[in-house]
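What follows are C-alpha coordinates for two forms of the same protein chain, given separately as structure 1 and structure 2.
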Structure 1
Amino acid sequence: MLRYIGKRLVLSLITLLVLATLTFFLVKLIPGNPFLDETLPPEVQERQAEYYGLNKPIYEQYFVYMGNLLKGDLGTSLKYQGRLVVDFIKEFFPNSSKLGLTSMIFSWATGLLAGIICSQFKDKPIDYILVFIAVLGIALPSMVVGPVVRYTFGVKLGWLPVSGLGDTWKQFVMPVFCMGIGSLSGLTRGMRATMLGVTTEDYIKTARSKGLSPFQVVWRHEIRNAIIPMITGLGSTIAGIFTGSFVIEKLFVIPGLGKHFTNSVTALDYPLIMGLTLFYGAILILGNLLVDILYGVVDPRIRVS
(Lines of atoms letter the chains of each structure in order from A and count residues from 1; the text may use other names and numbers.)
(Lines give C-alpha, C1' and ligand atoms only; values in the text may rest on other atoms or scores of the structure.)
Protein backbone atom coordinates (compact mmCIF):
# COMPACT_ATOMS: atom_id res chain seq x y z
CA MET A 1 0.00 0.00 0.00
CA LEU A 2 2.77 2.43 0.95
CA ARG A 3 4.56 1.57 -2.28
CA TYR A 4 1.39 2.29 -4.23
CA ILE A 5 0.82 5.63 -2.50
CA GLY A 6 4.46 6.55 -2.98
CA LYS A 7 4.30 5.85 -6.70
CA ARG A 8 1.15 7.94 -7.10
CA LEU A 9 2.65 10.75 -5.04
CA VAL A 10 5.82 10.90 -7.15
CA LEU A 11 3.81 10.90 -10.37
CA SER A 12 1.59 13.72 -9.09
CA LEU A 13 4.60 15.78 -8.03
CA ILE A 14 6.20 15.35 -11.45
CA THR A 15 2.91 16.34 -13.09
CA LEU A 16 2.73 19.47 -10.94
CA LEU A 17 6.32 20.36 -11.83
CA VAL A 18 5.62 19.88 -15.54
CA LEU A 19 2.50 22.03 -15.28
CA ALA A 20 4.39 24.82 -13.52
CA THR A 21 7.24 24.66 -16.03
CA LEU A 22 4.84 24.67 -18.97
CA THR A 23 3.05 27.69 -17.53
CA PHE A 24 6.30 29.57 -17.11
CA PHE A 25 7.54 29.00 -20.65
CA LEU A 26 4.12 29.53 -22.20
CA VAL A 27 3.88 32.92 -20.48
CA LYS A 28 7.29 33.79 -21.88
CA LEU A 29 5.91 33.02 -25.34
CA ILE A 30 3.13 35.60 -25.06
CA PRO A 31 4.16 38.42 -27.39
CA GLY A 32 4.75 41.84 -25.91
CA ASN A 33 6.26 43.21 -22.76
CA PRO A 34 4.30 44.81 -19.93
CA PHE A 35 6.80 47.70 -19.77
CA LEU A 36 6.94 48.35 -23.49
CA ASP A 37 5.72 51.92 -23.36
CA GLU A 38 7.22 54.34 -25.85
CA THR A 39 6.53 57.37 -23.69
CA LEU A 40 8.86 56.02 -21.02
CA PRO A 41 12.57 56.82 -21.33
CA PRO A 42 14.72 53.71 -21.86
CA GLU A 43 16.38 54.16 -18.45
CA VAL A 44 13.04 53.78 -16.70
CA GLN A 45 12.21 50.72 -18.75
CA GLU A 46 15.57 49.25 -17.82
CA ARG A 47 14.99 49.97 -14.15
CA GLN A 48 11.60 48.25 -14.30
CA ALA A 49 12.99 45.25 -16.11
CA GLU A 50 15.72 45.02 -13.49
CA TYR A 51 13.24 45.40 -10.65
CA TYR A 52 11.09 42.57 -11.97
CA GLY A 53 14.11 40.47 -12.90
CA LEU A 54 13.26 40.49 -16.60
CA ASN A 55 16.84 41.27 -17.66
CA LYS A 56 18.25 38.12 -16.13
CA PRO A 57 18.88 35.04 -18.29
CA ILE A 58 15.80 32.90 -18.74
CA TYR A 59 16.96 29.93 -16.65
CA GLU A 60 17.59 32.25 -13.72
CA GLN A 61 14.12 33.74 -14.12
CA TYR A 62 12.78 30.20 -14.14
CA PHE A 63 14.40 29.37 -10.80
CA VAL A 64 13.19 32.61 -9.26
CA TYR A 65 9.69 31.81 -10.52
CA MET A 66 9.75 28.28 -9.14
CA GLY A 67 11.09 29.54 -5.82
CA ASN A 68 8.25 32.03 -5.64
CA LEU A 69 5.75 29.30 -6.39
CA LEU A 70 7.11 27.22 -3.51
CA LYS A 71 6.61 30.22 -1.26
CA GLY A 72 3.03 30.46 -2.51
CA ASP A 73 3.59 33.59 -4.58
CA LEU A 74 1.56 33.31 -7.78
CA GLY A 75 2.20 36.87 -8.97
CA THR A 76 0.29 40.14 -9.01
CA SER A 77 -2.85 41.05 -10.88
CA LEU A 78 -2.51 43.61 -13.68
CA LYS A 79 -6.06 44.89 -13.59
CA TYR A 80 -6.46 45.17 -9.84
CA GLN A 81 -3.19 46.92 -9.17
CA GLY A 82 -1.09 45.61 -6.36
CA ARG A 83 -3.41 42.73 -5.53
CA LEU A 84 -1.75 39.37 -5.22
CA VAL A 85 -3.24 36.38 -6.99
CA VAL A 86 -3.01 34.55 -3.68
CA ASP A 87 -5.25 37.16 -2.08
CA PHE A 88 -7.86 36.50 -4.73
CA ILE A 89 -7.71 32.81 -3.96
CA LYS A 90 -7.95 33.42 -0.22
CA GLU A 91 -10.90 35.74 -0.62
CA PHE A 92 -12.96 33.97 -3.27
CA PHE A 93 -12.05 30.30 -3.18
CA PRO A 94 -14.09 29.57 -0.02
CA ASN A 95 -17.27 30.57 -1.86
CA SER A 96 -16.35 28.44 -4.86
CA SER A 97 -15.44 25.44 -2.78
CA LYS A 98 -18.63 25.67 -0.73
CA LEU A 99 -20.63 25.66 -3.92
CA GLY A 100 -18.48 22.97 -5.52
CA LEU A 101 -18.62 20.62 -2.55
CA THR A 102 -22.38 21.02 -2.22
CA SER A 103 -22.98 20.24 -5.86
CA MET A 104 -20.57 17.31 -5.67
CA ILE A 105 -22.48 15.81 -2.75
CA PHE A 106 -25.75 16.56 -4.52
CA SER A 107 -24.71 14.95 -7.80
CA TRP A 108 -23.18 11.87 -6.15
CA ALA A 109 -26.06 11.20 -3.77
CA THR A 110 -28.76 11.71 -6.41
CA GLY A 111 -26.82 10.08 -9.23
CA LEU A 112 -26.00 6.91 -7.34
CA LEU A 113 -29.53 6.66 -5.97
CA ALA A 114 -31.05 7.12 -9.42
CA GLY A 115 -28.68 4.51 -10.84
CA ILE A 116 -29.65 2.01 -8.15
CA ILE A 117 -33.36 2.65 -8.73
CA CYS A 118 -32.88 2.14 -12.48
CA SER A 119 -31.07 -1.14 -11.99
CA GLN A 120 -33.73 -2.46 -9.60
CA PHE A 121 -36.55 -1.59 -11.98
CA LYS A 122 -34.77 -2.44 -15.23
CA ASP A 123 -36.96 -1.98 -18.32
CA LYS A 124 -39.83 -0.59 -16.23
CA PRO A 125 -41.24 2.90 -16.87
CA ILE A 126 -39.27 4.50 -14.02
CA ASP A 127 -36.04 3.13 -15.49
CA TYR A 128 -36.85 4.59 -18.91
CA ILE A 129 -37.78 7.96 -17.42
CA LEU A 130 -34.61 8.25 -15.34
CA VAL A 131 -32.35 7.10 -18.19
CA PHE A 132 -34.06 9.57 -20.51
CA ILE A 133 -33.46 12.41 -18.02
CA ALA A 134 -29.85 11.29 -17.66
CA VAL A 135 -29.27 11.29 -21.42
CA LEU A 136 -30.79 14.78 -21.60
CA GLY A 137 -28.58 15.94 -18.73
CA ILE A 138 -25.47 14.82 -20.58
CA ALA A 139 -26.61 16.54 -23.76
CA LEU A 140 -27.35 19.89 -22.13
CA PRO A 141 -24.26 21.89 -21.15
CA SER A 142 -24.48 24.13 -18.09
CA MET A 143 -24.47 27.27 -20.22
CA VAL A 144 -27.75 26.07 -21.72
CA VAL A 145 -29.37 24.81 -18.53
CA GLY A 146 -28.21 27.79 -16.46
CA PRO A 147 -29.99 30.68 -18.18
CA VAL A 148 -33.19 28.66 -18.65
CA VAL A 149 -33.36 27.56 -15.01
CA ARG A 150 -32.44 31.02 -13.78
CA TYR A 151 -35.12 32.67 -15.88
CA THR A 152 -37.84 30.14 -15.12
CA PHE A 153 -37.43 29.73 -11.36
CA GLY A 154 -35.75 33.01 -10.55
CA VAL A 155 -37.36 35.62 -12.77
CA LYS A 156 -40.65 34.20 -13.99
CA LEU A 157 -41.78 32.20 -10.97
CA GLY A 158 -39.75 34.16 -8.45
CA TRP A 159 -39.24 31.14 -6.21
CA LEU A 160 -35.48 31.41 -5.83
CA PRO A 161 -33.02 34.30 -5.65
CA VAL A 162 -31.24 34.87 -8.97
CA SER A 163 -27.84 35.92 -7.64
CA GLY A 164 -25.39 35.95 -4.76
CA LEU A 165 -24.33 33.34 -2.27
CA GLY A 166 -24.31 32.93 1.47
CA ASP A 167 -27.36 34.86 2.61
CA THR A 168 -29.90 32.03 2.50
CA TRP A 169 -29.77 28.37 1.56
CA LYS A 170 -32.12 29.19 -1.31
CA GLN A 171 -29.25 30.82 -3.17
CA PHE A 172 -27.56 27.46 -3.38
CA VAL A 173 -30.39 25.59 -5.05
CA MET A 174 -30.11 26.73 -8.66
CA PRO A 175 -26.30 26.97 -9.00
CA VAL A 176 -25.82 23.60 -7.30
CA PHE A 177 -28.39 22.00 -9.59
CA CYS A 178 -26.91 23.53 -12.75
CA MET A 179 -23.37 22.56 -11.82
CA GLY A 180 -24.28 19.06 -10.72
CA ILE A 181 -26.66 18.02 -13.49
CA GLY A 182 -23.93 16.93 -15.89
CA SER A 183 -22.05 14.61 -13.55
CA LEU A 184 -25.34 13.50 -12.02
CA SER A 185 -26.43 12.18 -15.39
CA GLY A 186 -23.14 10.45 -16.03
CA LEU A 187 -23.24 8.86 -12.58
CA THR A 188 -26.80 7.63 -13.05
CA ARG A 189 -25.87 5.82 -16.23
CA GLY A 190 -22.59 4.52 -14.83
CA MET A 191 -24.14 3.25 -11.61
CA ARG A 192 -26.97 1.59 -13.52
CA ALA A 193 -24.49 -0.21 -15.76
CA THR A 194 -22.21 -1.40 -12.94
CA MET A 195 -25.16 -2.48 -10.80
CA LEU A 196 -26.50 -4.57 -13.66
CA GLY A 197 -23.02 -5.97 -14.23
CA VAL A 198 -22.62 -6.98 -10.59
CA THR A 199 -25.93 -8.88 -10.50
CA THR A 200 -24.52 -11.74 -12.55
CA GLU A 201 -21.45 -12.25 -10.33
CA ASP A 202 -21.00 -15.50 -8.44
CA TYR A 203 -20.93 -13.90 -5.01
CA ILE A 204 -24.43 -12.56 -5.58
CA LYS A 205 -25.61 -16.08 -6.37
CA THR A 206 -23.92 -17.24 -3.15
CA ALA A 207 -25.57 -14.48 -1.17
CA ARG A 208 -28.96 -15.39 -2.62
CA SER A 209 -28.53 -19.09 -1.95
CA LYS A 210 -27.54 -18.33 1.64
CA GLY A 211 -31.09 -17.09 1.96
CA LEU A 212 -30.42 -13.40 2.42
CA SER A 213 -33.39 -11.14 1.85
CA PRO A 214 -33.39 -9.30 -1.49
CA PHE A 215 -32.84 -6.03 0.35
CA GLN A 216 -29.73 -7.36 2.05
CA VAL A 217 -28.37 -8.77 -1.19
CA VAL A 218 -28.77 -5.40 -2.86
CA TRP A 219 -27.59 -3.31 0.08
CA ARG A 220 -24.66 -5.37 1.37
CA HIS A 221 -23.39 -7.03 -1.76
CA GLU A 222 -24.53 -5.33 -4.94
CA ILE A 223 -24.28 -1.66 -4.01
CA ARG A 224 -20.99 -1.98 -2.19
CA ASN A 225 -19.33 -3.71 -5.09
CA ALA A 226 -20.90 -1.50 -7.71
CA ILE A 227 -19.70 1.70 -6.06
CA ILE A 228 -16.02 0.73 -6.27
CA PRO A 229 -15.56 1.29 -10.01
CA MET A 230 -17.55 4.53 -9.72
CA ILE A 231 -14.83 6.04 -7.53
CA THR A 232 -12.63 6.53 -10.61
CA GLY A 233 -15.33 8.91 -11.84
CA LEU A 234 -14.70 11.23 -8.88
CA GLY A 235 -11.78 12.87 -10.68
CA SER A 236 -13.87 13.82 -13.68
CA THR A 237 -16.66 15.04 -11.39
CA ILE A 238 -14.22 17.44 -9.74
CA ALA A 239 -13.02 18.65 -13.15
CA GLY A 240 -16.60 19.04 -14.33
CA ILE A 241 -17.49 21.07 -11.24
CA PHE A 242 -14.63 23.48 -11.92
CA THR A 243 -15.65 23.87 -15.56
CA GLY A 244 -19.18 24.43 -14.39
CA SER A 245 -18.13 27.02 -11.84
CA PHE A 246 -16.61 29.25 -14.55
CA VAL A 247 -19.97 29.43 -16.28
CA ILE A 248 -22.36 29.23 -13.33
CA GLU A 249 -20.62 31.70 -11.04
CA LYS A 250 -20.63 34.31 -13.78
CA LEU A 251 -24.25 33.61 -14.58
CA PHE A 252 -25.54 33.70 -11.01
CA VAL A 253 -23.22 36.57 -10.00
CA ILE A 254 -21.56 34.54 -7.29
CA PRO A 255 -18.43 36.11 -5.77
CA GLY A 256 -16.28 33.05 -6.44
CA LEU A 257 -12.99 32.30 -8.10
CA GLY A 258 -14.66 31.04 -11.28
CA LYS A 259 -16.29 34.38 -11.92
CA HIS A 260 -12.98 36.16 -11.47
CA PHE A 261 -11.32 33.71 -13.79
CA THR A 262 -13.84 34.39 -16.54
CA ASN A 263 -13.52 38.13 -15.98
CA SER A 264 -9.73 38.00 -16.04
CA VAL A 265 -9.89 36.30 -19.45
CA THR A 266 -11.99 39.15 -20.80
CA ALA A 267 -9.68 41.73 -19.22
CA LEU A 268 -6.55 39.95 -20.53
CA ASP A 269 -5.14 39.96 -17.00
CA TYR A 270 -2.39 37.45 -17.82
CA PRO A 271 -0.82 37.02 -14.37
CA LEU A 272 -4.22 36.42 -12.83
CA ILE A 273 -5.22 33.93 -15.56
CA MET A 274 -1.96 32.03 -15.24
CA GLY A 275 -1.96 32.05 -11.45
CA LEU A 276 -5.52 30.82 -11.25
CA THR A 277 -4.97 28.20 -13.95
CA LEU A 278 -2.00 26.89 -12.06
CA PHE A 279 -4.03 26.86 -8.86
CA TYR A 280 -6.91 24.98 -10.51
CA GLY A 281 -4.47 22.57 -12.11
CA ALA A 282 -2.79 21.87 -8.77
CA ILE A 283 -6.14 21.27 -7.08
CA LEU A 284 -7.28 18.88 -9.78
CA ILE A 285 -3.98 16.98 -9.71
CA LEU A 286 -4.18 16.66 -5.93
CA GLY A 287 -7.83 15.65 -6.24
CA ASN A 288 -6.89 12.90 -8.65
CA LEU A 289 -4.14 11.76 -6.29
CA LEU A 290 -6.64 11.47 -3.46
CA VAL A 291 -9.06 9.58 -5.71
CA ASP A 292 -6.29 7.16 -6.71
CA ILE A 293 -5.32 6.55 -3.09
CA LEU A 294 -8.96 6.11 -2.08
CA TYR A 295 -9.39 3.64 -4.92
CA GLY A 296 -6.38 1.70 -3.74
CA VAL A 297 -7.79 1.59 -0.21
CA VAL A 298 -11.20 0.34 -1.33
CA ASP A 299 -10.04 -2.09 -3.99
CA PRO A 300 -6.96 -4.11 -3.02
CA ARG A 301 -6.62 -5.50 -6.58
CA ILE A 302 -5.49 -2.07 -7.82
CA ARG A 303 -2.48 -1.90 -5.51
CA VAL A 304 -0.90 -4.99 -7.01
CA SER A 305 -1.08 -4.09 -10.68
Structure 2
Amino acid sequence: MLRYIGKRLVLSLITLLVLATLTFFLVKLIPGNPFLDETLPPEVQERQAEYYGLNKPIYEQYFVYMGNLLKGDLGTSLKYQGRLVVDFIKEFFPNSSKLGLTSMIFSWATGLLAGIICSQFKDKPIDYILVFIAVLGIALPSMVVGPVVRYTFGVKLGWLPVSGLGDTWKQFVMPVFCMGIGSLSGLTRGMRATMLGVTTEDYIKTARSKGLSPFQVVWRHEIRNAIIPMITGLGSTIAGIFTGSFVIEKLFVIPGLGKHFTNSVTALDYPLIMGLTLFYGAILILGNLLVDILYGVVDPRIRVS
Protein backbone atom coordinates (compact mmCIF):
# COMPACT_ATOMS: atom_id res chain seq x y z
CA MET A 1 0.00 0.00 0.00
CA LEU A 2 2.85 2.42 0.82
CA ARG A 3 4.47 1.77 -2.56
CA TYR A 4 1.12 2.40 -4.27
CA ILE A 5 0.68 5.72 -2.42
CA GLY A 6 4.30 6.70 -3.15
CA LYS A 7 3.84 6.28 -6.90
CA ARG A 8 0.67 8.35 -6.88
CA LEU A 9 2.38 11.05 -4.81
CA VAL A 10 5.30 11.34 -7.24
CA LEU A 11 2.90 11.60 -10.20
CA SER A 12 0.95 14.31 -8.35
CA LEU A 13 4.10 16.38 -7.76
CA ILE A 14 5.12 16.08 -11.42
CA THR A 15 1.62 17.15 -12.49
CA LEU A 16 1.83 20.17 -10.20
CA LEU A 17 5.16 21.26 -11.71
CA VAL A 18 3.76 20.88 -15.25
CA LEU A 19 0.71 22.92 -14.23
CA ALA A 20 2.94 25.67 -12.81
CA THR A 21 4.94 25.82 -16.05
CA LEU A 22 1.87 25.92 -18.31
CA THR A 23 0.17 28.54 -16.13
CA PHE A 24 3.25 30.79 -16.17
CA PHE A 25 3.59 30.84 -19.97
CA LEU A 26 -0.16 31.03 -20.68
CA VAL A 27 -0.55 34.00 -18.35
CA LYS A 28 2.30 35.77 -20.15
CA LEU A 29 0.35 35.36 -23.42
CA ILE A 30 -2.59 37.41 -22.09
CA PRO A 31 -2.62 40.68 -24.07
CA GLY A 32 -2.25 43.92 -22.15
CA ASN A 33 -0.02 45.60 -19.62
CA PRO A 34 -0.79 45.56 -15.88
CA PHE A 35 0.88 48.96 -15.50
CA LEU A 36 -0.83 50.59 -18.47
CA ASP A 37 -2.34 53.72 -16.95
CA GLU A 38 -2.71 56.97 -18.86
CA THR A 39 -2.23 58.94 -15.64
CA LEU A 40 1.25 57.48 -15.06
CA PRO A 41 4.29 58.73 -17.00
CA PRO A 42 6.10 56.10 -19.11
CA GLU A 43 9.20 56.27 -16.88
CA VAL A 44 7.07 55.38 -13.82
CA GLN A 45 5.58 52.40 -15.67
CA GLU A 46 9.09 51.28 -16.63
CA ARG A 47 10.27 51.50 -13.01
CA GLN A 48 7.29 49.42 -11.89
CA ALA A 49 8.03 46.78 -14.51
CA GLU A 50 11.68 46.76 -13.43
CA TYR A 51 10.76 46.48 -9.75
CA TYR A 52 8.63 43.39 -10.39
CA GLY A 53 11.13 41.90 -12.84
CA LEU A 54 8.75 42.08 -15.80
CA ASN A 55 11.37 43.73 -18.01
CA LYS A 56 13.61 40.66 -17.89
CA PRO A 57 13.60 37.97 -20.62
CA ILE A 58 10.77 35.47 -20.25
CA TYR A 59 13.08 32.56 -19.46
CA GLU A 60 14.71 34.50 -16.60
CA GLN A 61 11.29 35.34 -15.18
CA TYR A 62 10.36 31.65 -15.38
CA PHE A 63 13.41 30.42 -13.46
CA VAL A 64 12.95 33.11 -10.81
CA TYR A 65 9.28 32.18 -10.45
CA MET A 66 9.98 28.44 -10.18
CA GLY A 67 12.79 29.06 -7.70
CA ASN A 68 10.49 31.12 -5.49
CA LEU A 69 7.74 28.55 -5.91
CA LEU A 70 9.95 25.76 -4.60
CA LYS A 71 10.50 27.92 -1.51
CA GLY A 72 6.74 28.28 -1.02
CA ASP A 73 6.64 31.88 -2.30
CA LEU A 74 3.72 32.48 -4.69
CA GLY A 75 4.71 36.09 -5.30
CA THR A 76 3.36 39.55 -4.49
CA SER A 77 0.20 41.05 -5.95
CA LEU A 78 0.66 43.80 -8.54
CA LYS A 79 -2.73 45.40 -7.89
CA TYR A 80 -2.61 45.19 -4.10
CA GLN A 81 1.00 46.25 -3.82
CA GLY A 82 2.86 44.76 -0.89
CA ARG A 83 0.33 41.97 -0.26
CA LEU A 84 1.54 38.41 -0.73
CA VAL A 85 -0.57 35.92 -2.66
CA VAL A 86 -0.25 33.57 0.31
CA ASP A 87 -1.91 36.24 2.48
CA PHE A 88 -4.95 36.27 0.17
CA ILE A 89 -5.25 32.49 0.49
CA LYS A 90 -4.92 32.59 4.27
CA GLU A 91 -7.48 35.36 4.65
CA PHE A 92 -10.18 34.41 2.15
CA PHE A 93 -9.90 30.66 1.55
CA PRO A 94 -11.40 29.67 4.96
CA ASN A 95 -14.76 31.11 3.84
CA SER A 96 -14.56 29.31 0.49
CA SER A 97 -13.52 26.06 2.17
CA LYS A 98 -16.33 26.20 4.74
CA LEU A 99 -18.86 26.71 1.98
CA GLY A 100 -17.26 24.09 -0.27
CA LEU A 101 -16.86 21.35 2.34
CA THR A 102 -20.38 21.83 3.67
CA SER A 103 -21.76 21.68 0.12
CA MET A 104 -19.77 18.55 -0.67
CA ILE A 105 -20.92 16.73 2.48
CA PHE A 106 -24.51 17.75 1.77
CA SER A 107 -24.42 16.68 -1.89
CA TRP A 108 -22.68 13.35 -1.29
CA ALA A 109 -24.75 12.30 1.71
CA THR A 110 -28.05 13.31 0.11
CA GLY A 111 -27.18 12.20 -3.43
CA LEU A 112 -25.97 8.72 -2.51
CA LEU A 113 -28.95 8.16 -0.19
CA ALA A 114 -31.40 9.33 -2.86
CA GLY A 115 -29.76 7.04 -5.44
CA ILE A 116 -30.02 4.05 -3.11
CA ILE A 117 -33.70 4.81 -2.41
CA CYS A 118 -34.42 5.08 -6.14
CA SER A 119 -32.80 1.70 -6.84
CA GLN A 120 -34.75 -0.02 -4.07
CA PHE A 121 -38.07 1.46 -5.24
CA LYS A 122 -37.51 1.28 -9.00
CA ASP A 123 -40.49 2.43 -11.08
CA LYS A 124 -42.36 3.51 -7.94
CA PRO A 125 -43.62 7.07 -7.34
CA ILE A 126 -40.68 7.96 -5.07
CA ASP A 127 -38.28 6.83 -7.81
CA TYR A 128 -39.96 9.02 -10.43
CA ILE A 129 -40.05 12.04 -8.11
CA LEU A 130 -36.37 11.83 -7.11
CA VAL A 131 -35.21 11.21 -10.69
CA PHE A 132 -37.27 14.20 -11.90
CA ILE A 133 -35.69 16.42 -9.23
CA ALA A 134 -32.23 15.11 -10.18
CA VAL A 135 -32.77 15.89 -13.88
CA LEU A 136 -34.03 19.36 -12.96
CA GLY A 137 -30.98 19.94 -10.75
CA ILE A 138 -28.61 19.02 -13.58
CA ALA A 139 -30.46 21.11 -16.16
CA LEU A 140 -30.57 24.31 -14.08
CA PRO A 141 -27.17 25.90 -13.30
CA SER A 142 -26.45 27.56 -9.97
CA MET A 143 -26.61 31.02 -11.58
CA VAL A 144 -30.29 30.31 -12.29
CA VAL A 145 -31.18 28.42 -9.11
CA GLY A 146 -29.42 30.94 -6.86
CA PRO A 147 -31.46 34.07 -7.65
CA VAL A 148 -34.74 32.12 -7.56
CA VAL A 149 -33.98 30.57 -4.17
CA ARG A 150 -32.62 33.85 -2.82
CA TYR A 151 -35.70 35.81 -3.88
CA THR A 152 -38.21 33.17 -2.74
CA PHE A 153 -36.84 32.22 0.68
CA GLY A 154 -34.83 35.34 1.46
CA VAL A 155 -36.77 38.29 0.07
CA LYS A 156 -40.36 37.09 -0.42
CA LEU A 157 -40.77 34.77 2.58
CA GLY A 158 -37.99 36.19 4.74
CA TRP A 159 -37.09 32.79 6.19
CA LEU A 160 -33.34 32.94 5.51
CA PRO A 161 -30.64 35.65 5.32
CA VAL A 162 -29.99 36.80 1.76
CA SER A 163 -26.24 37.39 2.14
CA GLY A 164 -23.13 36.57 4.15
CA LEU A 165 -21.74 33.38 5.65
CA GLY A 166 -21.74 33.85 9.42
CA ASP A 167 -21.94 31.58 12.42
CA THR A 168 -25.67 30.80 12.21
CA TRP A 169 -26.80 27.72 10.30
CA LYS A 170 -29.45 29.75 8.45
CA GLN A 171 -26.75 31.61 6.52
CA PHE A 172 -25.41 28.32 5.18
CA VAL A 173 -28.71 26.89 3.90
CA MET A 174 -29.19 28.73 0.60
CA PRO A 175 -25.50 28.95 -0.52
CA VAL A 176 -24.89 25.28 0.34
CA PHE A 177 -28.05 24.16 -1.46
CA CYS A 178 -27.29 26.22 -4.58
CA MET A 179 -23.69 24.96 -4.73
CA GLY A 180 -24.51 21.32 -4.04
CA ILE A 181 -27.64 20.80 -6.12
CA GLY A 182 -25.78 20.01 -9.35
CA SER A 183 -23.42 17.50 -7.75
CA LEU A 184 -26.28 16.02 -5.70
CA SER A 185 -28.35 15.44 -8.84
CA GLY A 186 -25.50 13.76 -10.69
CA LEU A 187 -24.74 11.50 -7.72
CA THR A 188 -28.41 10.51 -7.43
CA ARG A 189 -28.60 9.37 -11.05
CA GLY A 190 -25.17 7.74 -10.97
CA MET A 191 -25.76 5.81 -7.76
CA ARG A 192 -29.18 4.67 -8.96
CA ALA A 193 -27.68 3.33 -12.20
CA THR A 194 -24.78 1.51 -10.54
CA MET A 195 -27.02 0.04 -7.82
CA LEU A 196 -29.40 -1.32 -10.45
CA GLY A 197 -26.41 -2.68 -12.38
CA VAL A 198 -25.04 -4.79 -9.52
CA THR A 199 -28.40 -6.30 -8.50
CA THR A 200 -28.19 -8.80 -11.39
CA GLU A 201 -24.64 -9.96 -10.58
CA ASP A 202 -24.03 -13.56 -9.53
CA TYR A 203 -22.56 -12.65 -6.14
CA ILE A 204 -25.80 -10.82 -5.25
CA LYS A 205 -27.83 -13.91 -6.16
CA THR A 206 -25.46 -16.04 -4.08
CA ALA A 207 -25.82 -13.71 -1.09
CA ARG A 208 -29.60 -13.94 -1.30
CA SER A 209 -29.51 -17.73 -1.62
CA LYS A 210 -27.50 -17.88 1.61
CA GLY A 211 -30.48 -16.43 3.43
CA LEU A 212 -29.09 -12.94 4.06
CA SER A 213 -31.71 -10.31 4.82
CA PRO A 214 -32.45 -7.64 2.17
CA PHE A 215 -30.69 -5.06 4.37
CA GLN A 216 -27.53 -7.18 4.60
CA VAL A 217 -27.50 -7.77 0.85
CA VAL A 218 -27.86 -4.06 0.11
CA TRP A 219 -25.41 -2.84 2.76
CA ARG A 220 -22.68 -5.50 2.51
CA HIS A 221 -22.70 -6.22 -1.20
CA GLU A 222 -24.69 -3.83 -3.39
CA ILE A 223 -23.59 -0.49 -1.92
CA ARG A 224 -19.92 -1.46 -1.51
CA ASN A 225 -19.61 -2.52 -5.15
CA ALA A 226 -21.86 0.19 -6.58
CA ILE A 227 -20.01 3.00 -4.86
CA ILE A 228 -16.65 2.23 -6.52
CA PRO A 229 -17.51 3.99 -9.83
CA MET A 230 -18.86 6.94 -7.85
CA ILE A 231 -15.47 7.45 -6.18
CA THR A 232 -14.04 8.21 -9.63
CA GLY A 233 -15.85 11.53 -9.68
CA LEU A 234 -14.79 12.52 -6.17
CA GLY A 235 -11.64 14.35 -7.28
CA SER A 236 -13.44 16.49 -9.85
CA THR A 237 -16.28 17.03 -7.35
CA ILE A 238 -13.83 18.42 -4.78
CA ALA A 239 -12.32 20.81 -7.32
CA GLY A 240 -15.71 21.72 -8.76
CA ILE A 241 -17.09 22.53 -5.34
CA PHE A 242 -14.24 24.92 -4.51
CA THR A 243 -13.77 26.51 -7.93
CA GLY A 244 -17.49 26.56 -8.63
CA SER A 245 -18.08 28.85 -5.66
CA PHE A 246 -17.27 32.00 -7.69
CA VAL A 247 -20.88 32.61 -8.73
CA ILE A 248 -22.33 31.70 -5.33
CA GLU A 249 -19.83 33.88 -3.46
CA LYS A 250 -20.76 36.85 -5.62
CA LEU A 251 -24.50 36.17 -5.41
CA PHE A 252 -24.60 35.79 -1.63
CA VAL A 253 -21.87 38.41 -0.93
CA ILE A 254 -19.48 35.91 0.65
CA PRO A 255 -15.88 37.16 1.08
CA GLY A 256 -14.07 34.23 -0.53
CA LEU A 257 -11.24 33.71 -3.01
CA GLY A 258 -13.58 33.72 -6.00
CA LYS A 259 -13.94 37.50 -6.10
CA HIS A 260 -10.17 38.07 -6.01
CA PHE A 261 -9.54 35.42 -8.64
CA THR A 262 -11.90 37.04 -11.16
CA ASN A 263 -10.59 40.53 -10.29
CA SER A 264 -7.00 39.38 -10.80
CA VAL A 265 -7.78 38.34 -14.39
CA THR A 266 -9.37 41.66 -15.32
CA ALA A 267 -6.55 43.59 -13.63
CA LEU A 268 -3.80 41.43 -15.21
CA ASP A 269 -2.40 40.75 -11.76
CA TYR A 270 0.04 38.05 -12.94
CA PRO A 271 1.27 36.75 -9.57
CA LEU A 272 -2.28 36.55 -8.18
CA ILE A 273 -3.59 34.78 -11.30
CA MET A 274 -0.75 32.24 -11.26
CA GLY A 275 -0.83 31.76 -7.50
CA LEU A 276 -4.57 31.15 -7.25
CA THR A 277 -4.63 28.97 -10.39
CA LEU A 278 -1.85 26.85 -8.95
CA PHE A 279 -3.62 26.70 -5.59
CA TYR A 280 -6.89 25.51 -7.14
CA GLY A 281 -4.93 23.10 -9.34
CA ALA A 282 -3.26 21.67 -6.24
CA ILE A 283 -6.74 21.06 -4.75
CA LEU A 284 -7.76 19.14 -7.87
CA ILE A 285 -4.53 17.10 -7.84
CA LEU A 286 -4.94 16.38 -4.12
CA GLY A 287 -8.52 15.32 -4.74
CA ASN A 288 -7.45 12.87 -7.44
CA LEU A 289 -4.70 11.56 -5.14
CA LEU A 290 -7.29 10.89 -2.44
CA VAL A 291 -9.45 9.12 -5.03
CA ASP A 292 -6.54 6.84 -5.99
CA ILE A 293 -5.91 6.02 -2.32
CA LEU A 294 -9.62 5.36 -1.72
CA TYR A 295 -9.64 3.04 -4.73
CA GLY A 296 -6.81 1.07 -3.17
CA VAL A 297 -8.67 0.85 0.14
CA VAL A 298 -12.06 -0.14 -1.31
CA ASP A 299 -10.72 -2.53 -3.95
CA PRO A 300 -7.33 -4.17 -3.10
CA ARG A 301 -7.06 -5.49 -6.67
CA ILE A 302 -6.27 -1.95 -7.85
CA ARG A 303 -3.15 -1.81 -5.65
CA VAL A 304 -1.84 -4.98 -7.27
CA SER A 305 -2.46 -3.77 -10.81
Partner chain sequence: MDKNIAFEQNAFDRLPPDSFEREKIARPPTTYAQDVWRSFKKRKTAVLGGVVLILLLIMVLIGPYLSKYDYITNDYTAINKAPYGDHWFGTDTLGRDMWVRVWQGGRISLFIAVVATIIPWAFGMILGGLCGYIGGKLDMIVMRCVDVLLGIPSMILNILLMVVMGAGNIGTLIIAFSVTGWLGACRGTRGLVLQLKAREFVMASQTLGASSSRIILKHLLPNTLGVTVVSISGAIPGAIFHEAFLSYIGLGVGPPNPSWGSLIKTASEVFKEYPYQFAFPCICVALTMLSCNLLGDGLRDALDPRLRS
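Here, a residue number simply tells you its place in the sequence of structure 1, counted from 1. In this text, rigid core is short for the largest set of C-alphas that superpose within 1.5 Å between two forms. Not measured: the values here are computed from a predicted model.
One chain, two forms displayed separately, with the form predicted on its own being the second of them, structure 2. After superposition on the rigid core, displacement of the C-alpha of residue 270 between structures 1 and 2 amounts to 2 Å or more.
Relative to the superposed rigid core, residue 75 undergoes a CA displacement of at least 2 Å between structures 1 and 2.
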